[in-house]
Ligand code: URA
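A lone chain, given as structure tokens: the form predicted alone.
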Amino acid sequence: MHRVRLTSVNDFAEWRNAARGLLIKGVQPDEVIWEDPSAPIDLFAEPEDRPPDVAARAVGVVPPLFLELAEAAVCHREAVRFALLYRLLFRLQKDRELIGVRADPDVSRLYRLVGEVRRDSHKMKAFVRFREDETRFGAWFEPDHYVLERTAPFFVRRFASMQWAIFTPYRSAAWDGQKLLFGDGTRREDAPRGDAMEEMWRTYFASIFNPARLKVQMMKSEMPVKYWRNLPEAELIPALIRGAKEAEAAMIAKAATIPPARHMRADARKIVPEEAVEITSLADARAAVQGCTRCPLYQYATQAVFGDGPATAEVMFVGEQPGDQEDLAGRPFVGPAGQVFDRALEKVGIDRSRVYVTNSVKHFKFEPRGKKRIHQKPNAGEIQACRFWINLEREFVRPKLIVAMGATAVQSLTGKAASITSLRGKKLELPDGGHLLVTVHPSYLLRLPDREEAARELERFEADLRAVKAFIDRRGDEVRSGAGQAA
């Protein structure tokens, strides 16, 4: 039996050298006892077997991925890590593909160790707080694993211009502005206690704390309690949690108000809160939407863009949201995507004046970029807030067929996200008895860089519209046939 005790708890090069020495002798994994360097030395144990220095000799071959994973795994606190790595190293000599077999118990365990080490390193990056001590900065951190050495270079890059030190129970790291040095571990009481920067952290954290998004379980996983004592802002958490329910209730109960003054067209009507308007018709809804404050998008758009078309339309087309030109014109589908839409309608023989065209979200969401306003996809909250308006349009128009153009429209109409690929071309039934047909948004055709692919996708879009045209023609035949029988 071979006994190996490394001097470092996480030195990959030291483990690799020892493993190569064993491998060159052909030592089986079950013939090696890897002692944990952090465990007390057993004075009555057999003498340690130190493998020869074989760093300069070629010993076996392994996939590069194994070396990458092993370098992380040695930083784990589990004592079996060295034995696990040697066992895999030995097995890889006969089967180099083994590292890709995630179902193998050894490989699966390796990936678990690596994942836990990487998460611990991420937490260190997130929860280290430096405190000033005269001209230097120091921080205390208690990692779950031996991650200081692999994480310290991150702080060198982030704080290259200042001198700092990070203290942990097993090791310490210091940056003097030129070199990264490592030393012994220390005690918490020897680390810096606090400085004026802590008040800034507390103020910042209190300002970004959102009671409506509080989930205690989330906080326990993303900011574990064990790290609270290292964070100056964490002392606020218990009080913020206690007041979260009351604050959330106050936010929900607060009535919507008239939006603040913002740039609008000279001929835009005065905004009236939608709660103050009785909505009994499509015309009422079109007027009331201008006072909508259900989500923050109203603060930046020129106006709300409601649907367009006859209240008796049997087909309703639903897109995503108004674009730049729609926001200025106050009508849906008048920009580049609208022109693609109009040409396709005309080609298949659908009269746009006989269908109702609208969007899932009524305000333009954009990002300013120079003099341009760049479209941004609405999020789930904004889509949900605007379902109030799309549902009113469906209630007043009562279309027999709704055409959802794009994923946002599908989510708005069904209440859940779904891929266009899985639903496209299928005639689905909605809870109110209407039918839903799913296709792509016309803007998708504009974004395709390959002209041949764009031409193919346009043909598919037109084929979807021909199905809509067939529905319109069939409905017309049914109405005419019904009228003849009644006469």
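No experiment lies behind these values; they were computed from the predicted model shown. Counting begins at 1, following the sequence as shown.
Quick note: we don't show the form predicted in complex with the ligand, though the next part is all about it.
Enquirer: I'd like to know if Gly309 sits close to the ligand in the model of the complex, meaning any non-hydrogen atom pair within 4.5 angstroms.
Expert: Gly309 lies outside the contact set for the ligand.
Enquirer: Examine Glu393 and determine whether its closest non-hydrogen atom to the ligand in the model of the complex is within 4.5 angstroms.
Expert: No, no contact at 4.5 Å.
Enquirer: Would you check, heavy atoms only and a 4.5 Å threshold, whether Phe333 touches the ligand in the model of the complex?
Expert: Because a heavy atom of Phe333 falls inside 4.5 Å of the ligand in the model of the complex, the answer is yes.
Enquirer: Any chance Leu84 has a heavy atom within 4.5 Å of the ligand in the model of the complex?
Expert: Contact with the ligand, no.
Enquirer: Would you kindly say which of Gly138, Pro143, Pro399, Gly323 lies with a heavy atom within 4.5 Å of the ligand in the model of the complex?
Expert: Going through each option in turn, the one that passes is Gly323.
Enquirer: With the ligand left out of view, choose which of Val315, Ala337, Ala285, Ala165 has a non-hydrogen atom within 4.5 angstroms of it in the model of the complex.
Expert: Flagged contact: Ala337.
Enquirer: In the model of the complex, which of 325-333, 101-109, 169-177, 366-374 comes within 4.5 Å of the ligand (heavy atoms)?
Expert: In the other structure, the partner sits against 325-333.
Enquirer: Using a 4.5 Å cut-off on any heavy atom, which residues of 435-451 would contact the ligand in the model of the complex?
Expert: Just His441.
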